[in-house]
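Look below for two forms of one protein chain, each set out as structure tokens: first structure 1, then structure 2.
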Structure 1
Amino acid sequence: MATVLLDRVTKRFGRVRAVDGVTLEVRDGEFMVLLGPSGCGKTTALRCVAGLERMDAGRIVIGGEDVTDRQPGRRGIAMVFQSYAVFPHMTVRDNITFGLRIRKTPAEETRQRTLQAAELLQIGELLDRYPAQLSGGQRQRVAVARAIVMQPEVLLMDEPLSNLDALLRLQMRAELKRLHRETRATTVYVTHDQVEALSLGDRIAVMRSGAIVQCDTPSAIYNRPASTFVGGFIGSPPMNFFGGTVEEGGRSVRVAGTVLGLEERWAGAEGIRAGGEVLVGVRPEAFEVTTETRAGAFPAVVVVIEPLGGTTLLTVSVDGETAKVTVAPDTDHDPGQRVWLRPLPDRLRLMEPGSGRAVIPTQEGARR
């Protein structure tokens, strides 16, 4: 087990900066998720850690040792590829023992570790099959077994679940979580699926255009996104943003002609000036929805109603802008109905309209 440090890592492909000065510290035994939209540089960052990509600048430090100039096989890492990269010309057993054989591990130890890994991944009956005779999910397990049998200090995974169907993905997600609890290997896990990220990660590093825009615990990322990008990328449906004007020196904000009271901590925050513009960010589930007007609630018109089983999703129109609101499934709403939305004051976030950066309220640190 070891810490992993990406120190100002930059990797260019021609003119594209796939990874642009990324610094990220992964703690010993931590499950770190790299999350971001397609093409933001997650895979490239992971490959830099693995040593499969020659970096243009920066260092990789694993377990306190600078491994920047070391071969992939000498970094104490193991990797699970998105395509699994299971060797097609070898049986499952030979796939799993491949790394141990390269390392010249004694036969008896190889046998035991192979059985152990196979048991952990529940592929004991498949050991004599060839990859062509396996399903996608089984192949994925072989790829993971092949990695963990090496007992790596650091386990790297690149979207290992993306090729599985929804049900299997759910099941494998839980298994990966169990696996991490049992092996405690420091893990860097790449995904573009925010649900996966929220459910697996001890911490999540959100990437955009080759840079990390926020790195924090899942709940912090979800509840206190550092920018409109993070708020809009994470959560399904994503965070709503309403244009507003600061009033009373930061004690309230006017949205859709309605005055919303703000908690005290916003008043002194940087970027909050009376008369200034802000974006008010509210998660879909952080509204109180009523059919009558009341203080701190702004009017909206229901446009679409989507029952999702556990909740019902309303698409509403606020001053011509659409917003998404989740409500309890037993509530009665009709298209065209007029409703009032009251954002829960403690769940509301403010962002700077130009940069999209979150306004940091005073005493945020103390609340954590």
Structure 2
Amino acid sequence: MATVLLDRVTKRFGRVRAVDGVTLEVRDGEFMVLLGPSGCGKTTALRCVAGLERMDAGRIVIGGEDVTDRQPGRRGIAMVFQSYAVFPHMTVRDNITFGLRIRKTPAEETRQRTLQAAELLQIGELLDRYPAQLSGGQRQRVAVARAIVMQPEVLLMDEPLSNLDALLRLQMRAELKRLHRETRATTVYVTHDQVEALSLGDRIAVMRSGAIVQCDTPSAIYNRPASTFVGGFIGSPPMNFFGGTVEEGGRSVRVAGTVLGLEERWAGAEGIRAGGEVLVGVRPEAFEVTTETRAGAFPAVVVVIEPLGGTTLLTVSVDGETAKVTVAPDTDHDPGQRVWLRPLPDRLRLMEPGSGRAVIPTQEGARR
């Protein structure tokens, strides 16, 4: 195991900066997720760590050693690709042992490490089968086993679950979490799926346009997004944003004609001034929904009702803008019905309208 440092890494494709001066440290034994929409540079950054892309600037340090100019095979890494990349003419056993045989690892050691990896991935009974005889999830396990059997210092994964159906992805997420807990290999995992990121990562680095816009724990990323982009990208449904006006020196904000009280931590925060405009961010589950007016609640009209089993998702209209709200599954609502939404005061996030950056609450009373 080893730390991984991306130090001001830049990679260009023509005039496009796919990775733009990224600096990121992955701790020893950490599961780091690179998350972002397609084209944000996350896979290119991973390939720079692997040595599959030649950088235009910056350096890669693994285990305290600068490996920027080393070939991929000499970096102490193993990689699992988006496509399974298993050899169709080889058995599962031969696929797993391929790298060990290239290294001329002794036969008995190869056998033991293969059995250990197969047992860890729960594919011991499949060693004599060919990839065509396996399901998609089993083939993905073979690809992971082939990587970990090399006992790499760093394990890199490039959207390894994207080709699986929803049920298999759910199962494989649990398998990968168990695998990391048992091996404690330093892992860098690329995905565009925020559910995977929240489920798997010790920390998440959210990327946009080749840069990291926030790096923190899953809880902090979800509850304290650094910008409207992060709040709107993380969460299903994503965070709602309402235009508001600050009143009473930052002790309240007016949204849809209703005054919402703010916690003391917002008073005096930079960007909060009386009469100033803010965006009020609220997660769909952070509302109290009633059919009668009450203090601190603003009106909305139900547009669409979507039963989701454990919850019901309401699409509502607030001053002509749509928002998403989750309620209990046994709650009765009808399209066209007027309801009142009361955001939970401790779940509000305030954002700057122009830049979209989060307003940082004052230290006193701030929830960290």
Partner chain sequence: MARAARTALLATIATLIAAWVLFPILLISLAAFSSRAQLYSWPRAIFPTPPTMDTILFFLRAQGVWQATLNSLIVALFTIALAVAIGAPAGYALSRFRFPGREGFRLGILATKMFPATVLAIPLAVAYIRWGLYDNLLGVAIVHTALALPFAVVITTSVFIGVPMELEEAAMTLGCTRLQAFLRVALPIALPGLAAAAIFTFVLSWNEVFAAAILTLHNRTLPALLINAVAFAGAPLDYRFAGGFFMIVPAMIIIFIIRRYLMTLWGVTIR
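The term rigid core refers to the maximal set of C-alpha atoms that superpose within 1.5 Å between the two forms. Just so we're on the same page, residue numbers count up from 1 along structure 1's sequence. This is a predicted model, so every value here is computed, not measured.
### Task
Could you point me to the form predicted in complex with its partner chain, 1 or 2?
The chain shown as structure 1 is the form predicted in complex with its partner chain.
#### Entry: Pro131 C-alpha moves between structure 1 and structure 2 by 2 Å or more, core aligned
Superposed on the core, Pro131 moves its C-alpha 2 Å or more between structure 1 and structure 2.
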